[in-house]
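Encoded as structure tokens, the following chain is the form predicted on its own, with no partner shown.
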């Protein structure tokens, strides 16, 4: 019998999961998949480590499963397929840990209540991240659960990098730059020494480019600055989110346009970004394939915002040794990588076009003074590692 850890990443209408089994010091992926359409047309699919479908189920259009039903179905599949393994615990991705939670921890009802206080800071993620935790605490209270925070990796940022120019007492009350996608950046920092020891010990900028997008400056493998701030709205333009925005725009929308807080929130989180500018799609693949002029405009603005933030983070680091691309767009959109590095030529970056088109790990050419890497992220493995470590401490 081996110890198994389930990793859960719950969204508004989906629940993604991975099952890892301990093999000595290693954690081996055995199963992964998701339940999507939780409230409209639920569908479950699970694949083994080779990507083969090993279990699936559909509930039909109009069915409602919810997070509770999805969890119970998942646990049933795990008992059926991996009943000989002991379920040691469940690790959860939780976007916001606020000012107090700077490392993964075991969750009890009191902790869950404290984490719910951060829901207004990440309304697209936090309530859904916490929903499965509450369900499991209620239905399976003896099952250990560990919350792993996307903000934790950035909590060691210098105080200056965390501050807004607001009255200092507001900083003390928790209004500060938190940064997100920390589990992804932590994973990249863990594998960078094997790829590029010089960059791992030096100055690296990681671009986590997906539907949600951010960038992080690493020095010696530690986060020193990030493009995201108090919420996951800040920094880069994203699939449906604005990225950096003059706060005066929000004041104008409310005072001159009569928009209330709910309408502004919907605009900034759901109707902007690539979707809002293009009028076509929030999906970079669709925009790259489109002939619509505004699709091209959205792509150009997306790359321009990366260019601006790349310069700012290089300045924060005082130089640059490497750039790493990761996440859905960063790993798969060669055209975006090429455009970003074209704009980074002033930093000494030069891309190998053939390697980039092939999706290689090493992207820099012989003339590049900055090393360029494409590294698939693995937030699930990072969560599994943290969960194992927390449970081992008791």
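On a predicted model such as this, the values are computed, not experimentally measured, just so you know. Residue numbers count along the first chain shown, from 1.
Same protein, other form: the form predicted in complex with a small molecule, not shown, and the subject of what follows.
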Next on the checklist: With a cut-off of 4.5 Å between heavy atoms, is residue 40 one of the residues that contacts the small molecule in the predicted complex?
Outcome noted: no
Checklist entry - Can you check whether residue 350 is within 4.5 Å of the small molecule in the predicted complex, heavy atom basis? => result no
Checklist entry - Would residue 69 sit within 4.5 Å of the small molecule in the predicted complex, counting heavy atoms only? => result no
Checklist entry - Within a 4.5 Å heavy atom cut-off, is residue 211 in contact with the small molecule in the predicted complex? => result yes
Item to check | the small molecule: the contacting residue among 27, 329, 46, 341 in the predicted complex [heavy atom, 4.5 Å] | outcome: 329
Next on the checklist: Counting any non-hydrogen atom inside 4.5 Å, which residue from 139, 257, 285, 86 sits next to the small molecule in the predicted complex?
Outcome noted: 285
Checklist entry - Out of the stretches listed (285-293, 70-78, 217-225, 242-250), which one is close to the small molecule in the predicted complex, meaning heavy atoms within 4.5 Å? => result 285-293
